[in-house]
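A single chain, nothing else alongside it, follows as structure tokens in the form predicted alone.
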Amino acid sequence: MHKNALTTRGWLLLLVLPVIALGLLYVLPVFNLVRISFAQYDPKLGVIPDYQISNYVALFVDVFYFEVLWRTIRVSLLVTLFCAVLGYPIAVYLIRSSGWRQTGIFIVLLMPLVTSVTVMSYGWLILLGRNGVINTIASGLGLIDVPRQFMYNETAIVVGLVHVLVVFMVISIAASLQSVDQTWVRAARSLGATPGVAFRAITLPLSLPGLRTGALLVFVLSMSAYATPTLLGGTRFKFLSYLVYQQAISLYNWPRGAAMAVMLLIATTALLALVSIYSQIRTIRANRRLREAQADGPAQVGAV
């Protein structure tokens, strides 16, 4: 009994520092952000501690705000989808390769993490601009008569974000694929299953946790992205992060910017919660079907 008490006390002591760090680095800043979002702003006096809900009311009646919010969610979902489609085969090849090929793939994937996002975005400007590499090559080959506008649209934002964030999807899926027992796949193949059937029946279901983790990471990072959407989307295709920056830094309206940031946080958290609830429902149904199959198995054997 005394030993169990010491063990419990030790675990509690280990949790003290993480809880304090979480409170100081996350809970306290979020609480301060929510508090400021209810304050008022006067161009002459600055932030006034007169707490009301007028900032949120102004956002709810602003059609432009909802258009930007919907664009942020839509583009983030597209980025997540493309990262999943591109990242899964890359992760499979990464797991199956070895030696210098695996090292080379890791270096290419990790380059966006060690390179400034602004520098990479300007690289896409050089490629996709009217006088960029793509237009120059296409004009030289006679494919186009006049330079096309590949920049300052949602397509450019998706391309730039996929380039930056696909590494998170690949790493998450690769970690999940690495834990798949290949003896199950070989057993399925020995029983006559084709490679496609073995992949759909064994590898894909067992790798879904990594796919979900990668999708959540990519979606959250896309929703909060600033530099890439601003540089590649221009002034016509704004992200919500740009509006937050504009209100807080350019207009000094911290309460309105804080309200936008809180709404962005709520929207992201709500979508993540829906995905989590959906995954839990699927898990419960799968476990229920498994229990029913296990219960029906002995009954069928007894009947025979």
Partner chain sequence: MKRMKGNTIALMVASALAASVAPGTASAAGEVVFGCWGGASQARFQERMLPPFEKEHNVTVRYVPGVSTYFTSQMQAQRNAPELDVVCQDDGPQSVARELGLLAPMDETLVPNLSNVVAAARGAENVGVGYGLIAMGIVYDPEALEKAGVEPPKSWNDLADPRFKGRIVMSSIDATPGLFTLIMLSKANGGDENNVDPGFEKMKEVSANVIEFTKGADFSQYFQQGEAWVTVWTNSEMARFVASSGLKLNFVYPEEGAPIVMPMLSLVNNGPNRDMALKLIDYLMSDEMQSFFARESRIGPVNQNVVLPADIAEGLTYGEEAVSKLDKPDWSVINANRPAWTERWNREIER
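These numbers come from a predicted model, not from an experiment. Numbering follows the first chain given and starts at 1.
Only in words, not in the display: the form predicted in complex with its partner chain, which the text now covers.
Using a 4.5 Å heavy atom cut-off, which stretch among 144 to 152, 169 to 177, 214 to 222, 76 to 84 contacts its partner chain in the model of the complex?
Of the stretches listed, the one contacting the partner is 144 to 152.
Identify, from the list Y51, Y278, F60, Y252, the residue with a heavy atom within 4.5 Å of its partner chain in the model of the complex.
Only one option qualifies, and that one is Y252.
Just give me the single entry in N131, S116, S98, T194 that has a non-hydrogen atom within 4.5 angstroms of its partner chain in the model of the complex.
In short, N131.
Contact of Y245 with its partner chain in the model of the complex (heavy atom, 4.5 Å)
Yes, Y245 sits close enough to its partner chain in the model of the complex that at least one of its heavy atoms falls within 4.5 Å.
In the model of the complex, does L206 come within 4.5 Å of its partner chain, counting heavy atoms only?
L206 lies outside the contact set for its partner chain.
Is P29 close enough to its partner chain in the model of the complex to count, meaning some heavy atom within 4.5 Å?
Result no; P29 lies far from its partner chain in the model of the complex.
With a 4.5 Å heavy atom cut-off, would you call M111 a contact of its partner chain in the model of the complex?
Looking in the model of the complex, residue contacts with its partner chain do not include M111, since no heavy atom lies within 4.5 Å.
Does anything in 53 to 83 come within 4.5 Å of its partner chain in the model of the complex by heavy atoms, and if so which residues, in order?
The stretch 53 to 83, when checked against its partner chain in the model of the complex, contributes D62, F64, E67 at the 4.5 Å heavy-atom cut-off.
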